[in-house]
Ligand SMILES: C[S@@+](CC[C@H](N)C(=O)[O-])C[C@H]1O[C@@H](n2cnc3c(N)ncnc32)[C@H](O)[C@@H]1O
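Starting off, we have a lone chain in the form predicted alone, written out as structure tokens.
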């Protein structure tokens, strides 16, 4: 049974329909578990908006409006936020939430409800998100759909200013992590499979689709971070119009071959692994850097300043793995299972890798994952010699 409650996130108080079970059947959708995402996004937006003026952001699927509310109330240099939803109940709730946070209704203009506070404008529009994104340009676009973002990617790329930024969420993890390869091919146009680095695979599949969507419109989507947490992915990136940057990104797309038996992968097409097992084909997939150290450093400071402790811990791990540009990680238990040995302590393996001159860290994608620039042979030997 849902009820209208008044929770608080950041400095924003708002009305939301809350039920024991989060469902798209709610009168107006709201997921309390995604506060982690919103905290992360507010801080990421502050890092990017700090170097821009008069920022306009589109909250493309607004629902209760909490994400857009937090942008306009908590982020520097944001002067205009567009709230968009096709649900009339959502439009009424967003309007009520704006007034709760001190925004004054000014006027209706061409079907838009306009609110103002301290020189900032909130524009609330009852509109299909695809139409909204296809006919307007914003400094930043936030897309947080229920499920896959795939149907919206072309419109997001079209709507993002050529020197802007975009944040995109996906919750269709089965398609992204190789559990449903047919769904992945249908939605994202990428061949996938079950692999020992499935969580990072999902991040790269989503990012690959975003990069290609922006490239079609002559825009380079430069990844600053890809977050995986609980049940969702979140891509954070800046946009540039340079053809040279688009070319650099596209040159990092590869076909990956993966061996299920020995957990080895190759950044090239191969029919068989060295162990003579038939490989699986994955891709074409972006294999370049997905974590920008400079951006993450600023993000960490922002998270610390606002007291977001859980988010800060995740960002710290992301900073450590950002030192290693080699794609993918080794899942310790799956790798040891393939070798038919008992898994050693993960910290001990990381210590031994570093002692031999390799870079190594945990990864936020997987609690059992080890990120390292050691190749398959070196990692295998270290595992076999680690007590």
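Here the structure is a predicted model, which is why all the values come from computation and not from measurement. Numbering follows the first chain given and starts at 1.
The same protein also has a form predicted together with the named molecule, omitted here; what follows describes it.
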>> Using a 4.5 Å heavy atom cut-off, which residue among 136, 101, 87, 180 comes into contact with the named molecule in the predicted complex?
In response: 87
>> Just to be sure I understand the contacts: of 311, 172, 144, 200, which is the one whose heavy atoms reach within 4.5 angstroms of the named molecule in the predicted complex?
In response: 144
>> I'd like to check something about residue 300: if you look in the predicted complex, is any of its heavy atoms closer than or equal to 4.5 Å to a heavy atom of the named molecule?
In response: no
>> Please tell me whether any heavy atom belonging to residue 154 falls inside 4.5 Å of a heavy atom of the named molecule, as the geometry stands in the predicted complex.
In response: no
> Is there any non-hydrogen atom of residue 205 lying within 4.5 Å of the named molecule in the predicted complex?
Replying inline: no
>> If we define contact as a non-hydrogen atom of the residue within 4.5 angstroms of the partner, is residue 260 a contact of the named molecule in the predicted complex?
In response: no
> Okay, which stretch from 125-133, 192-200, 270-278, 210-218 lines the named molecule in the predicted complex, with non-hydrogen atoms inside 4.5 Å?
Replying inline: 125-133
> Along 36-58, which positions have a non-hydrogen atom within 4.5 Å of the named molecule in the predicted complex?
Replying inline: 38
